[in-house]
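Here are two versions of the same chain, shown separately as C-alpha cells and labelled structure 1 and structure 2.
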Structure 1
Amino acid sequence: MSLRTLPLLFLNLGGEMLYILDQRLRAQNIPADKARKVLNDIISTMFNRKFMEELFKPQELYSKKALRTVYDRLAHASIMRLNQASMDKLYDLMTMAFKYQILLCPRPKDVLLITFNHLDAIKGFIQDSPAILHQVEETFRQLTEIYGALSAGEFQLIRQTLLIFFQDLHIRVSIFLKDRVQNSNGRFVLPVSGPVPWGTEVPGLIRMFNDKGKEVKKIEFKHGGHYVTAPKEGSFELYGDRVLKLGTNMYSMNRPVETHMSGASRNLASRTQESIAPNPLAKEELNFLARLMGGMEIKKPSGPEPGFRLNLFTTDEEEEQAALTRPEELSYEVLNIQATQDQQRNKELARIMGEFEVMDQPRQSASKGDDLLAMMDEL
C-alpha cells in the first residue's frame, strides 16, 4: 500500500461533501450569508495549516470508521447539524462518487487532476475570502511539490490503494443508475469508448519487432469500442485546463439524488462486520485521530446565531426510518474515544476531544424553514 494516499483520499472526499452541501443550501433557499458561513467554516477547517501538516505525513490508510469520524467532525465545524442517518447518507454519496472517479481514471497520474478539479471548485466557493483561498492554494502547492515528482508506478500504487479501500462499497446512487453507469447491484459499468489515456494510442493495432528493434509486421484487430486520441494533457498548474472532467461538480444541475444499499453490500458487510470485530490497529487509529483532530482547531460558534439541521431525506420520518432500518454493521458510528479514563497519560487527547464536543441544538431552534430537505427526492 502507498503511504501517500491519505491526502488524496481526504481532499477528494471533502470536495464531494462540499458539492452536496452547496447544492442543498442553494436548492432550499438558505440565506446567502448563512450558506456562505457554513461553507467557509468547513473549508477553513478542512485546509487548516496544522491539519494539513499532519495529513501530508507519510502514513497508511486507516479504517473507514476512523476516516468517517474525521468527516463527522468536519461537517459539524459550522452552525449546521446532521443526524446520524443523514450523515450516513452524505458519506455514502461522497464515497461512491469518488470511487466512480477512481475507477474511470484514464491513467494513475490523473488522480492528481481529479484532486485539482475538486480544489478548483472549492476555490470558487471562497472567492470572497482571501485568507481561506490562501489556505487552499498552499495545499495545492504541497500537492504539486510532493506528488509532481512521483513516478507512474508510484501513482499506480496509490490508485490500487484507493481501489482496495473502496472495493467492498456497492451503494446504488440514483444519478449513476439513471445515467446507466451503475448496475442494480451497485457495481459500476466501465465504458468502452471515449478518449484513451494521454500518451497512448487508440487500440486496434499490433506491431511486431525483430531482435534489432525494427518493425517487421502489423496486425489490425477489432476492439469493439469507440476510442479516440486524447486532445491534450490536463494542466497540473495552479490555474489551467484540467481537460479531465472527473471530479467536477455533478450536482450543479440540481439533480435529485437517492442512495440504496444493495443486497450484495448487506451480505458482504455481514461477513466482514467491521464495526463489530475488534480492530488490531485500534491504538494506531486512536493516535491517528488525535493528531488529525488536534490539527483541525475547530472554533466553537460565537454569538447568538442559531444553528440549523440539514436533513438529507424528504421528511423527518424518512430520516428516522432510515436510522432504524440501516444494518448495524453498515452504520458508520462515530468512534467513542475514551480519553478521560487516564487523565495523566491522555491529557492532550482529552483536551482535543473536549474541543470537538458538539452541543445539540434545541429542537425548537430548527424550524421547518431552516431544514435542508429533499436531498433524496424520488426519480
Structure 2
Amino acid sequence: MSLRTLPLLFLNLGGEMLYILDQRLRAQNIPADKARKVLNDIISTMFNRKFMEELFKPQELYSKKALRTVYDRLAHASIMRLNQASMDKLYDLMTMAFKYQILLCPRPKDVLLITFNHLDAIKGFIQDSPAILHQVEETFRQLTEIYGALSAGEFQLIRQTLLIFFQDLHIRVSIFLKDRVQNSNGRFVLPVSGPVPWGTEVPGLIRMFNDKGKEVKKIEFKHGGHYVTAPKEGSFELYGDRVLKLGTNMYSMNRPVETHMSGASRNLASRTQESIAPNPLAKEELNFLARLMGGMEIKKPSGPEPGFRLNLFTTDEEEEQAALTRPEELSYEVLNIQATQDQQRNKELARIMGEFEVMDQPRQSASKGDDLLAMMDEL
C-alpha cells in the first residue's frame, strides 16, 4: 500500500493519546505542574528530530503490535506510569478515535487537515516551551513539504491503507455512543446530510449535452440525502481555520473516557490470526522499532522527582476488573524482544528499552486479582 502512511498514523494517534492523557490528568487531580511536565516530556519525545527523521522515511506500515510498543514507550517518557489495563484502554480509545476520523474524512486530502488539527492542539499544550514549539512547527513544515504535493489519487491510497489497518476494529466507546456517532454494534454512523466535501457538487442534477458540447437538457433527481454546499475550504497553512472539526479535542473535564469491549465477534477471526501465528516478520519489525525508538531521547527523571500512576478508569477496582475481563482476541501482545535470534539487535534493543520499566514491573493487580478470583470462587 502507500509508503507515506506512517507519519500520519503516528501523529494522529499520538494527538489522540495526548487529549486522553490531558483529560485523565485533570480528572485525577494531578497537580498542574506535574501534568504539564508529563505532556511536555511526551510531546518533546514525539517530535524529537531524529525520531521524526526515521518516521518520515518512506516505508510500509508495520503491525499493530509494533506500533503499540512505540506508544507504550511514549506514554512512559515521563514520570507517569500506566498499568497494562489502562494502557490497553488508552490504545483502544486512540485507535477508535482515529478510525472514526478517517472514515468520516470528506476528501482523502482532508486527512492532512485532521493531522493539522491535532498539531494545533499539541501546540496549545506546550505554549510555554518555545523549544518544543519549534520542533512541532518543524514537523508541520515537513508535513506540508511532503504531503502538500501529493495528488488526490495518492491521498486516496493513503486513506485506503489506513482503513485496512483499522479494519475489523469495533470497540464501543462511551463518548461516541452518547454522541450517537457510534452504533451499539460498534459501527460508526455515516451521516447522509451536511456539507459535501470541498470540490464536490451537491448530488441531484443530471445534465445532458449535444455533440457540440452545448447543454440541451437538465433534470433533477432525488438522491436520498440532505446535503448542502461546503462553506469554505480548510486552511493548509501553518496557522489557519481548518474548518473541519475532525481531529479536534472531543474530551473535556466532565466526559469520562470509557470503553466497552465488544466481546467475541466473527469479524475478529482475522485479528486472532495475527496475534496467535508466529510472526515471521518479527525481525524486520524489531529493526524498525530499534531504529525508531533509537531516535527517541527519553529524559531520565532527574533528582527525587516522584513518579505517579495514571488510571484510565474511574477506580482502581475498575482497572483490575478490566484487566481480568479483557477478551483474549483483543489483547495487544506487546512485541516480545526475546523472539529474535539476532543477539546484536537484541542487545541494542534491550539497551534502548533499558529505561522502559513497565514490562518488567510486577503486576500489582495480579495479587489483587487473585484475591478477587478467590472471592468469586466463594460465592
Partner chain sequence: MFRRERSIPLRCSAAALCNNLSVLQVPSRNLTHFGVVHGPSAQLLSAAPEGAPLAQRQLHAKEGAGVSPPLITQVHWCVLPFRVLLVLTSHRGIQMYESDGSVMVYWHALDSGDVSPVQAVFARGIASSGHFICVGTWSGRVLVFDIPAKGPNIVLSEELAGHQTSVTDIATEPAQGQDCMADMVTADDSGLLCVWRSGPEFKLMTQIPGFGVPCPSVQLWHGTVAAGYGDGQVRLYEASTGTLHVQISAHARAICALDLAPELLSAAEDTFVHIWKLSRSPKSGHTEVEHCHAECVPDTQVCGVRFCDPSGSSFAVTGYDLAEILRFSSV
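Computed from a prediction, not measured in an experiment: that's the story for all the values here. We call the rigid core the largest set of C-alpha positions that still match within 1.5 Å between the two forms. Quick note, the numbers are simply positions in structure 1, starting from 1.
Looking at both structures, it is structure 1 that matches the form predicted on its own. Put the two forms on the same core and the Cα of His134 is off by less than 2 Å between the two structures. Superposition on the rigid core between the two structures places the CA atom of Lys232 less than 2 Å from its counterpart. When the rigid core is fitted, Lys217 shows a C-alpha shift of 2.5 Å between the two structures.
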